[in-house]
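There is one chain below, alone, in structure tokens, taken in the form predicted alone.
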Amino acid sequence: MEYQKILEDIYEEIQPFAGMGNQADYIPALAKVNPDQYGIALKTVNGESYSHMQADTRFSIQSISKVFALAMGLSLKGEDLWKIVGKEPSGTAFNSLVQLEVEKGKPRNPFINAGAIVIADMLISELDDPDAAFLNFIRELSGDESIDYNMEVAESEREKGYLNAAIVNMLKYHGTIKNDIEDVLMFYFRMCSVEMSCADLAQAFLAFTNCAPFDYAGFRLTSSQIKRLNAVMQTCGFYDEAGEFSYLVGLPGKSGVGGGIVAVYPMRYSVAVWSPRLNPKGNSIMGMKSLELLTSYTQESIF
């Protein structure tokens, strides 16, 4: 498969979408990001690497971080994790309070904000130093010790994080979280603030592509757990646009409002794409189109 040529052809074909949408300007630090950037990287399980444009430029991964948190949670708690968070698509906005109230404080899945906040709380309870453990896990997955939090982004999110503050207070009211509200909220924002490039993300997600047991930074996942993590990415990885992504792309994946999207073709490759301009659902416009074209050109998807 001529992946390099395909990535270059995709970039040319998506140019009509280049000016559509806006970056996540409701987060002050992300509002300063140049929205007209683009990068894509693909890494195969055989060790081949392909990239185009700004594939080495780091950006705030935002909700992509929830996959790493879920992996750590599954390692620590196994099937007991699903007692505190569900695994069904939400059908509502990623920061919805309505669904959380109706369902009495149990988040629908780990990839909406409420679900990720619950997992953040669990990691605080289980780990002596959750900040260091989370970073070490990502650094080992990606093979890059320089990956770090961006505290300007984290503090910017806290400054304007009114809805997330409401979510964490509702979770506390229902007894779903155990730790101090501010500690949980800031750990969640730090997780979202992690900066990685498309190349970093593609390398990190190879661990979820191989579907083989792994142990990174002391966090062990079985083949069965990796399979289930991929299933949750497939059904819940794109806010309330997961069905559209499955229909158009046909790969498990996860998006973030920083403009990044990462997806895996099990036993074949992982791919990450970044373009900060988002559609109304919070997903990268050029990123979604790029991955749709990738699976169309290659005729490779899980379906």
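In this text, all values refer to a predicted model and were calculated from it rather than measured experimentally. Numbers for residues come from their place in the sequence shown, where the first is 1.
The discussion below concerns the form predicted together with a small molecule, not included here.
K.L.:
Could you tell me if all three of 157, 164 and 239 have a heavy atom no more than 4.5 Å from the small molecule in the model of the complex?
P.N.:
Yes.
K.L.:
Out of 39, 256, 252, 276, which one falls within 4.5 Å of the small molecule in the model of the complex, going by heavy atoms?
P.N.:
Flagged contact: 256.
K.L.:
With the small molecule left out of view, which of 90, 113, 142, 197 would have a heavy atom within 4.5 Å of it in the model of the complex?
P.N.:
It is 113 that has a heavy atom within 4.5 Å of the partner.
K.L.:
Which of 240-248, 24-32, 46-54, 268-276 has heavy atoms within 4.5 Å of the small molecule in the model of the complex?
P.N.:
Going by heavy atoms within 4.5 Å, the stretch is 24-32.
K.L.:
Can you check whether residue 94 is within 4.5 Å of the small molecule in the model of the complex, heavy atom basis?
P.N.:
Yes, residue 94 is a contact residue.
K.L.:
Does the small molecule get within 4.5 angstroms of any non-hydrogen atom of residue 118 in the model of the complex?
P.N.:
Outside the cut-off, so no.
K.L.:
Classify residue 192 as contacting or not contacting the small molecule in the model of the complex by the rule of any non-hydrogen atom within 4.5 angstroms, answering yes or no.
P.N.:
Yes, contact at 4.5 Å.
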